[in-house]
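Read on for two forms of one protein chain; each stands alone as structure tokens, with the labels structure 1 and structure 2.
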Structure 1
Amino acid sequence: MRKTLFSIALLMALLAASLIPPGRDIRAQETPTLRIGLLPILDVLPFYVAEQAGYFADEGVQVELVPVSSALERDQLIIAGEIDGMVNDLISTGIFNQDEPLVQIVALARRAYPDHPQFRILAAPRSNITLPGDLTNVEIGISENSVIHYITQRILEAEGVNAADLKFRAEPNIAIRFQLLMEGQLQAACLPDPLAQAAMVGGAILIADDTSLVEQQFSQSVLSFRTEIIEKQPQAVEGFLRAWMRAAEDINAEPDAYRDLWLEKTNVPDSVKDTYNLPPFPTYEITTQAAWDDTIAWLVEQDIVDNAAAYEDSVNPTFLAAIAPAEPTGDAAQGEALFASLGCIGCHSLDGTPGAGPSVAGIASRAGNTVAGQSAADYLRQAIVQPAAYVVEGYGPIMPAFDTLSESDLASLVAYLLTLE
């Protein structure tokens, strides 16, 4: 009897609950809204593509894109908890996390590729400065203590310039920095693309760019969320990330289809709006330990932070691991045997000596940086099946296409090549 009464009461309660109109609060609990702060820059294009295509809705996540006008405004909104996620960079993340992990990186948002620099160092039009070495003791316009500051130093160091010989001038407002450079009031400056390309159209001289640092991945923008959101709403973050990856893949497949959206949502100088080629966006990639450590070492060395934030606390690969498409599992030992039995070894040495084809020594380390937008595995796969698609410089297109291999043999060859670091 008691039991029945209890069940009836429960039933009534359930009924009552289901009759409550779906008010704002209840909905919000079911599908929390992720608020993302976005600067009007190229790096944020995939968000707008995902929104327009309805990909966030497909994943059952509500995402509100909140335009911000400066990195400062973005950072203030993150600290106030008014936005949950953002596109930022490693310098910004290292500063946020110096005392405790306030934010976590869940994926790369953008990076430099061999044909698509993210940052360029330029000299003023008609300047006598033409080489990196000419920049010693010349004021270079940057935004102080930012990624621009860091990357300018790293680019020039890679060109053999001594960091001690560099002189910087803080011009944090990027539009003003651009203007001063074009008017010759600044002899040199570091600017991101597409603004840097607009400066070149206007006569600025390219001195160096971050394509020399592609392998180290010192240039990158990241997708990050407040750690609290990651802990409380992991499902929403995962759904968000799936939608973002779909959008990035769409752009990579057909960049020009998104040109109008890019022009609408971000600041693009008129002089490059028809000519700038949209770069590929990295998919399923995340900050490496080496890139993180270098950035944090710089922050410490510059005395910008008191504490070095740890990689494990600031970079969270679990979401990518959950959503990354399964790679066909190749067997490296099997691949090694195939490399000999198929005759690859006849043209490709293992010890660095060039033969009819380039040596495969170290191929695992360079394969991901050879063709823009292709991961190491994708590149190797294509190099085997369709060698003419990309012919390595210095060699003729003489490699036969191995396009009748089984999926598993192909995967094994790729797995083997990926062990040759």
Structure 2
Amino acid sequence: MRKTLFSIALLMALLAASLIPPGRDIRAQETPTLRIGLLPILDVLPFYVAEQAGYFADEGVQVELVPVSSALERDQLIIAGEIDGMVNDLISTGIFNQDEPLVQIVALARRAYPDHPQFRILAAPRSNITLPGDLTNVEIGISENSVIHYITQRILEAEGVNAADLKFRAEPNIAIRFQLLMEGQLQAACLPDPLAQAAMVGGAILIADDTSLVEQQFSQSVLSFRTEIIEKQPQAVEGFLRAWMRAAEDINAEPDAYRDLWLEKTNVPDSVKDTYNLPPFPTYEITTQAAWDDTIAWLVEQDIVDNAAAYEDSVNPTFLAAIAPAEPTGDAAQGEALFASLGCIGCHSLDGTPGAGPSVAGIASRAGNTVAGQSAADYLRQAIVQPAAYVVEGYGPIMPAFDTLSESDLASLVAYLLTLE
């Protein structure tokens, strides 16, 4: 039944798209032009930063940012060829590509970080629901067969709730879902940030969020282009990505400098517009095989798609491989200073003395043998950026993630730690 509904929806999208007047032939332009469909959500901020800073022009590509009001409108425009790229998610991509590779992912646009969830599961204000287990057989408001549906299930499974005990109520309109939750007409719902934070300000109860899925990277949005555009205008796509990465790095370095632009271009609830902390944006990252496989397995399990789209047909890492900066050479002396200034020395002694965290004495000799398949440098890098990925036996997962360090600072810290033999 679900597949029938999706076939009907796709047919409707194609019919609607056929009514859209044909756009400009971008191949006829002297300057390559890419049209990108953008929802008014946090994930699209780097586009507007790059446009404002002139980064697209610097790369010799003209980018037209096309506001869209819904995912359905965005998808209609992609199918019609009226836009070339978009911010979407793995569920959307898997549905698009079930029969042929219509679109390809070229980079991550956003993902959950330890201190910055993308999605939160909330209970209604003044409800008696406080723990994930309390949601057994309670209707949870979601948009059915979407990334929110998928993430809600995966979050609760990570919290020990059996998927067979979950009940969902379809409410695709996020604003209405928010309102129903706050009025108690929905006992629980999954909402994206910053709307989820606004609900909490209004009394909604946080049950769980996707920070539990950071290591698996199941929760992510992506930058996608039509496969036809990737084949015909690879240089334009590469130039676009260079500009986007510059903008993401600017936001990560000074997020408050872009608060006004964020408020202007996206929908932000008044109650959190001054208090919500902008998250870091991933740079030079792309969907992993494991994250893709889990998403596609869920789509098949839910009987949403007939055919499982292949990772190699749907995820295109060649552009990031071409533009990723060379690994910076770390300055061990600078790393030693950072080790002190960041407070690392307060938890990790240099002489073998136990502390709140394990001592780093001799870490250069141990690091390469700690996690199978990881070099010493790779292990140390991950331990700094994603400390919860591997916790040393006998210690709790209490170390904060230093995931906003610049690449040069991170390289310097690793270089210093590698001197501690």
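Start at 1 and count along the sequence of structure 1; that gives the residue numbers used here. We call the rigid core the largest set of C-alpha positions that still match within 1.5 Å between the two forms. All values derive from a computational prediction rather than experimental measurement.
Between structures 1 and 2, only structure 2 derives from the form predicted alone. The two forms, fitted on the rigid core, differ between structure 1 and structure 2 by less than 2 Å at the CA of R226. With the core held fixed, G346 shows a CA shift of 2 Å or greater between structure 1 and structure 2. Residue displacement note: G394 has its CA displaced by at least 2 Å between structure 1 and structure 2 (rigid core superposed). When the core is overlaid, the C-alpha of D403 ends up 19.9 Å from its other position between structure 1 and structure 2. Once the rigid core is matched between structure 1 and structure 2, the CA atom of L380 is found 3.6 Å away.
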